[in-house]
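Below, in structure tokens: the form predicted on its own, a single chain.
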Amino acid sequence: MAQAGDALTGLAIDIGGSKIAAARFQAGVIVARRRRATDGSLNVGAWIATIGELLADLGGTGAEPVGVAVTGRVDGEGRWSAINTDTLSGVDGVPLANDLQQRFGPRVVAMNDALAAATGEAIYGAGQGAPAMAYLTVSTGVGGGIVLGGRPLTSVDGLAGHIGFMTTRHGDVPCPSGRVGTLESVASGKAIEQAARAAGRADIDAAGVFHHWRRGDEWAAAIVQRSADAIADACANLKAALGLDVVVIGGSVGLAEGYLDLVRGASDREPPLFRVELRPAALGADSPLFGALHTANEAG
């Protein structure tokens, strides 16, 4: 059984909303990487084939542990389902863990990508030493994972930790999850792009909005601030519900220059009891890879 601090050796794949990242670890170091764009319309057969291609390209033998982190919900039986069907349209109750183990061997585990990232940060990254921590990824969507007493919080239905689908007082638009006013519909990269379109800037993506914000454009500042305010709101709610010590922020939006400072500023406006320490993800975009492979090692 792998313990915290053990060197990781094996393969890991992270299927996110916009990209798939794969890596080979040797003695705790990533020695090879592969990356491709996510096609959210793929069916289960195509997903398994894609994973197989990446593992083969990294020299997978079927004997080493493999951690697979995926956007969406993975239940206690290893079934994979989309929550936001705009991100994944071809995934509904897919027996991912079983299919992967049949194809690539018994040492494969499948888990939610944000839970994998939370695990990685808790054991190897910014959450080390925190008795109660949450990880929030603010990227194409908004995801989350919670680690309490060193143990990732899971549930039979796989919904535990899906912080992006909690509602926020800063939101009022429908979310593809079926809820209204979710964190994802306000704070995510997609939400930032949609807000830019509503402001008459249909040709600007989330990175462009940040560029205009740093340049001092008021319309962009309002969009970025609303996202940061919603994330700070969620952190205060998590503090109230779970007594967290630390929230680790990751993702392309979460780690964008200046963004965490805005979240901290909004958090500082909360009553002191509801403030929580905010830290940037120490492992960056690799958090899910570390956490997924660690979980595969733990599984034996």
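So that there is no doubt, residue numbering starts at 1 and follows the sequence shown. Because the structure is predicted, anything quoted here is derived from the model rather than measured.
Heads up, the form predicted together with a small molecule isn't pictured, but that's what we're talking about next.
Mapping the unseen interface onto this chain, G143 counts among the residues with a heavy atom inside 4.5 Å of the small molecule in the model of the complex.
Not displayed here, the small molecule is approached by A114 to within 4.5 Å at the level of heavy atoms in the model of the complex. Although the partner is absent here, T119 is not a contact residue: none of its heavy atoms lies within 4.5 angstroms of the small molecule in the model of the complex. In the model of the complex, the small molecule lies within 4.5 Å of some heavy atom of I83. Listed stretches are 270 to 278, 66 to 74, 26 to 34, 236 to 244; the contact stretch with the small molecule in the model of the complex is 66 to 74, by a heavy atom cutoff of 4.5 Å.
Contact with the small molecule in the model of the complex, defined as a heavy atom within 4.5 Å, holds for exactly one of Y124, F210, F104, F165, namely F165.
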